[in-house]
Ligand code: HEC
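The data below hold one chain only, encoded as structure tokens and taken in the form predicted alone.
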Amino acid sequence: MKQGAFAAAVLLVAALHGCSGGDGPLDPAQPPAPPPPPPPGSDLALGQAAVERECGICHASRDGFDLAYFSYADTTIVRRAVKHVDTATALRIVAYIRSLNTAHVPAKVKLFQPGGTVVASDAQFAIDLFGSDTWPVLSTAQLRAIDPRVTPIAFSLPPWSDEQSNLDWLPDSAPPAAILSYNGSRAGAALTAYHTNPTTANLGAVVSAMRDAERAGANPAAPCLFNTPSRVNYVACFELRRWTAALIAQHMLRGGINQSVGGEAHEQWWDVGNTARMAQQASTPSAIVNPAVNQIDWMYLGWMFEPGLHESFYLENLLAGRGLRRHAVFVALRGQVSRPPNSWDEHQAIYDDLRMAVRHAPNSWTASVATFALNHLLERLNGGERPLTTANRTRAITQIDGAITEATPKVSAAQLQALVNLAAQVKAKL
């Protein structure tokens, strides 16, 4: 298995790509120019105030961090600023941005792209990871040691800013006042506290409050009420979730954080993609453009930082539908070994992971994939884990039997008999 050094890879990837957009990020082939000498302090103060007042609504971190970090060109900053302020103030904004003490990196490299590169194909993904186009003999610990955040994949994740599409992090609108003011201004107060003291704990408070405001039935402005078709607004939900996602990303970049920040943060990334998915399933599909790409990109972003958190079938079905069957198997089984023990979701999801992995496995992978997943289940059962209810046990048996059915046309008679025997051992332990 080929695994890069995690810290170095993430620093490379995370450091490399209004509201949304900017037409002037630097050419990634060219090193960014050093910032010019700072102008008089009074101009910097006026520029900072203008950024906080006019730009910070959409740019989330409020202080212009992303404009400096992602090397927005002066002309781009001015062009976008003069939509809100006069030219003199726009130039002060440029001066303030250039004075910020942060890295200056190209914006076109995809943010958090695993390994900093995109592999050529689904098969190449497996070859690079395992040394050949096979599912190898692995232990649970060996698979768990493979870090999705540095394992190159065959598709690109979003850049920070793309003014021509919604395939980026920067949203096209700011959170509505009714979201920030809901429930005694819980989200607005949390955001103010975060801006004053940008700790991970304060970020978590913002994310929690925003997620409550976006989906609370008691909030008349909540756009993400998927179970109430008359009230849901998919486009507004997509933009609001993308705004929160961008705030999380900036926090990570600013702090050099290269792992999960916990709480609901990476679930929010997943939910950006889930919004696009739900919109396409609505009786009257919404106007979210690029839904298929947004579903996969954002769900993978959330999954790779929290691989044991989400249901397996959403992302795997999307990946397999794009022809990335080996990626789908990796997601299913890497998720299976990551799920926490003795939780309700774990007792259902680990059996779903088995069936999804077998369903999407290439024929030549199927016996090895099924064997790994069944052995992992047996390992958990031997360790004392059991389905918590009769319904969960019934579902587990259904998924085991379903996996054998899925495997039958793809394996030899001898392989099938071995899988049947192993499945019987698992079911006997339930």
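Since this is a predicted model, take the numbers as computed values, not measurements. In case it trips you up, residue 1 is the first one in the sequence shown, and so on.
Keep in mind the form predicted together with this ligand is missing from the figure; the text below concerns it.
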Inset, instruction - Examine Ile93 and determine whether its closest non-hydrogen atom to this ligand in the model of the complex is within 4.5 angstroms. - result: yes
Legend entry - Partner proximity in the model of the complex: Glu267 to this ligand, non-hydrogen atom cutoff 4.5 Å: no
Legend entry - Partner contact for Pro171 in the model of the complex: this ligand, 4.5 angstroms, heavy atom: yes
Legend entry - Contact test in the model of the complex: Val85 vs this ligand, heavy atoms, 4.5 Å: yes
Inset, instruction - Can you work out whether this ligand is within 4.5 angstroms of a heavy atom in all three of His59, Arg79 and Ser165 in the model of the complex? - result: yes
Inset, instruction - Go through Lys108, Arg144, Arg322, Arg231 and name the one with a heavy atom inside 4.5 Å of this ligand in the model of the complex. - result: Lys108
Legend entry - One residue of Ala373, Ala403, Cys55, Ala361 in contact with this ligand, assessed in the model of the complex (non-hydrogen atom, 4.5 angstroms): Cys55
Inset, instruction - Please determine, with the chain shown alone, which of 298-306, 198-206, 156-164, 334-342 has non-hydrogen atoms within 4.5 Å of this ligand in the model of the complex. - result: 156-164
